[in-house]
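Before any questions on how it binds or moves, here is one chain, the form predicted on its own, in structure tokens.
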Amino acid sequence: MNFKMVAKTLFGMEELLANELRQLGASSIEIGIRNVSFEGDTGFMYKANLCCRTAIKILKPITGFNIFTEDDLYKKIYDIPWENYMDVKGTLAVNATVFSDVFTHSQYIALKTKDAIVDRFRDRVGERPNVDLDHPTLRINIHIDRNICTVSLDSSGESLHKRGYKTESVLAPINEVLAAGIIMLSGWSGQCDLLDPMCGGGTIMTEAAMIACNIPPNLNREEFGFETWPDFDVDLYEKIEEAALKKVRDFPHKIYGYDTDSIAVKKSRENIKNANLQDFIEVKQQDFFKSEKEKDSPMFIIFNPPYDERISVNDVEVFYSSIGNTLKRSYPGTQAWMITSNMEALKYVGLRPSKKIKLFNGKLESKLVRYEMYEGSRKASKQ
């Protein structure tokens, strides 16, 4: 039986996510801001969690109602038969988002919701479930838009960007969903070599290898939220995982990563090994500014250079103009994509981007830009 679900994503990734859901077989797809709603059955819910690269959460709405006061919220939450969704011995966590003039404090709304649920259990069975913010049996999502409240079960558990392969963290790492989205926006899907010249912890390279080989992004995760639900069908989940793994393909090209920091190189290799992708990715300690393209064939470059926000750069002007000079001098026949939140620094690259896409890296408004490096001069390539 099909039911409605909502997949949450990052700003600028909505179309990508809608497309992923379409290809996986979802119906009634509607694009919102930072979310996509769709319909599917239980098996599809498992599949969306396992296979969507650009989703952060897959929510299953169970009810919706109008509320005008906090009392309304308490009463209506209390009336939901929570015993159908969890056992009193289980644990819960509530997360709330609010867009309303009346209800302005999301944490207070979460607290009020939790009170109503535990009071219902206490009144009915004489004991109450505990709260566990890290590994609850049931995660509940409350969404209030003006005076419309939607109550959903969070089928993902922890955010889906936590893929499970990143055990070694570097300073200012890029979110896995953002990395996958950038690669998908660039149009690279494994058709040629790819280089990340400032690879940090290796996230862009790992996500790229999974895209090229069509490996489900959340294969390495410890658990999903739905695994602790009373109706979890383990056989169905295993069938879906098996079917997804049958679609894995080989990738004939190579993914390269450079970083000047030996510790980043070591951490990057460790993370890649955790994802079992070391056959496709090669990481070197190398200064991009002193490097050149190794082959004549076409190539993509995708990277997340320091913005001088979370990682400081000694001289932003020199650093960003070196990016432009290196691309011009040493990387003919490449498409270079770079994300930065330092709009001022982009001016120093000295190249005109052929595309600009607005995204957010965490809270930082950023631009994803494309530079096309032609073989020889641009004029000659046009003739």
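In this text, residue numbers run from 1 along the sequence as written. Because the structure is predicted, anything quoted here is derived from the model rather than measured.
In what follows, reference is made to the form predicted together with a small molecule, a form of this protein that is not presented.
None of 171-179, 234-242, 135-143, 89-97 except one has non-hydrogen atoms within 4.5 angstroms of the small molecule in the predicted complex; the exception is 171-179. Although the partner is absent from this view, P129 stays clear of the small molecule in the predicted complex, with no non-hydrogen atom inside 4.5 angstroms. Heavy atoms of P306 reach within 4.5 Å of the small molecule in the predicted complex, making it an interface residue. Although the partner is absent here, Y78 lies well away from the small molecule in the predicted complex, with no heavy atom inside 4.5 Å.
With a 4.5 Å cutoff on heavy atoms, T203 counts as touching the small molecule in the predicted complex. Note on the partner interface in the predicted complex: the residue among S189, T260, S159, S106 having a heavy atom within 4.5 angstroms of the small molecule is T260.
This chain is displayed alone, yet in the predicted complex one of A116, A275, M198, I215 has a heavy atom within 4.5 Å of the small molecule; that residue is M198.
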